[in-house]
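Only one chain is included here, represented as structure tokens and corresponding to the form predicted alone.
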């Protein structure tokens, strides 16, 4: 058995072949009557290893290829995709897209982004850092991670496993404006989940590390120890009475609040009028101290990209400045629907930050004085039409600025508009593992539903 990763990306993907496939499909679309067309191709290879209780539970190699085309016949749109990249399959995929377009109703807002918006000067963003990982090394690192978690404390009684993943991908996009863009990416991660037990019951928790480059991952030992520590800290959790209290969202869960905000100002929700933040542009949603911004070109960033999925150049922007919404999150289509300027966010956002304050985590606990520290959220009780927010939570009770004991089986509820207005502090303990990066977030008051 060959214990190496199936191959490096450049051994699996011939870049010039993929670029030629995109160009060929665009030409076929024009010949078959498309007025405009766009093609996206994707290829990836990866290795995933999961170890549980020191035994290999799963071992997966993957090699994936896919290519898709969207055509516009007048203002009629049709899309088709395939995982078979043979010439005959590519031809039939284009024909299927053309056929579908001719059966759809015209959409006055359909079509490619404007040619002038296409990315021109595509600079390398250092998103590709391959790892020549062998199966043996992946197993060893996963075992080391889990062993350190299990050895952390005698109260760690079981494991749900430790998983190491390494993936490399290649992305190509082209359209009939003559735009052709492409770049490779990599993503590596290691995680561990364990179960702790004492006389009052069992609790589970986890830890993970993720990065573009293997050198930026936390050590396997640290991931395991952190997972064990987090699980043990949750033992002997108590319930709380229903009350109104300040709530501090730990940095590891705080990005969820920002993602709800981003969803609420995204074009699709706005033109469908399914957001509680309709007509919020240039209006205050947060306090004046809040600054949220996008930086798509950070080298090695988890969300970095030189262009969006329409081929539009990504660019730095302020989304919230001094508490006011300064930019929605728009694609070419949603911008046309709303009669606004395209923001280059087809396919999502690229590295969102909220400016941290000067207070660290301990200072935020002192600032809160008495209230709930949330370290885990459960359920999906968010209604973005009304802004109502209600989720199961677990964490720690805080008195006199100090953590007192773990708590569980509680629900926190409030309207997101009120939560944003009552966001009184952003910590400098930024969690950098996500496309949306934030420190801990202190909300002035929420309803805590318990016993």
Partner chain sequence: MKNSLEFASDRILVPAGLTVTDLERVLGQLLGHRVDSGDLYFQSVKHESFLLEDGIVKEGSFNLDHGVGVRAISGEKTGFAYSDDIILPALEQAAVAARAIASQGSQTALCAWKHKITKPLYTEKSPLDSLTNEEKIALLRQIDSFARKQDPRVTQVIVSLVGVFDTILVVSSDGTMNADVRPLVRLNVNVIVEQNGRRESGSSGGGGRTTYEYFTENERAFDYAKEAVHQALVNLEAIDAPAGTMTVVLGPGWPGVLLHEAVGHGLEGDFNRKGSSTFSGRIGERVASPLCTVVDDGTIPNRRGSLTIDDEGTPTQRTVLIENGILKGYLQDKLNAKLMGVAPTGNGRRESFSHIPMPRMTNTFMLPGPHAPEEIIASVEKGLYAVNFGGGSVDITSGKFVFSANEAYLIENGKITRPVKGATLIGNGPDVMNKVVMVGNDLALDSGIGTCGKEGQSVPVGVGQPTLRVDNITVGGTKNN
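Residue numbers count along the first chain shown, from 1. Because the structure is predicted, anything quoted here is derived from the model rather than measured.
The form predicted together with its partner chain exists for this protein as well; it is not shown, and the discussion that follows is about that form.
What is the one choice in 219, 289, 299, 273 with a heavy atom within 4.5 Å of its partner chain in the predicted complex?
In short, 273.
Could you work out which of 195, 363, 167, 125 is the residue within 4.5 angstroms of its partner chain in the predicted complex, going by heavy atoms?
Of the candidates 195, 363, 167, 125, 195 is the one lying within 4.5 Å of its partner chain in the predicted complex.
Its partner chain in the predicted complex: contacting segment from 332-340, 363-371, 207-215, 303-311, heavy atom within 4.5 Å
It is the stretch 332-340.
Even though the partner isn't displayed, in the predicted complex is residue 234 close enough to its partner chain, meaning a heavy atom within 4.5 Å?
It does: once its partner chain is placed as it appears in the predicted complex, residue 234 has a heavy atom within 4.5 Å of it.
Within 4.5 Å, heavy atoms only: does residue 408 come near its partner chain in the predicted complex?
So residue 408 counts as contacting its partner chain.
Closest heavy atom of residue 226 to its partner chain in the predicted complex, within 4.5 Å or not?
Close contact is absent here: in the predicted complex, residue 226 is far from its partner chain, nothing within 4.5 Å, heavy atoms only.
Partner proximity in the predicted complex: residue 58 to its partner chain, non-hydrogen atom cutoff 4.5 Å:
Looking in the predicted complex, residue contacts with its partner chain include residue 58, since a heavy atom lies within 4.5 Å.
Could you list the residues in 343-365 that come within 4.5 Å of its partner chain in the predicted complex, counting only heavy atoms and keeping sequence order?
Heavy-atom contacts within 4.5 Å come from no residue here.
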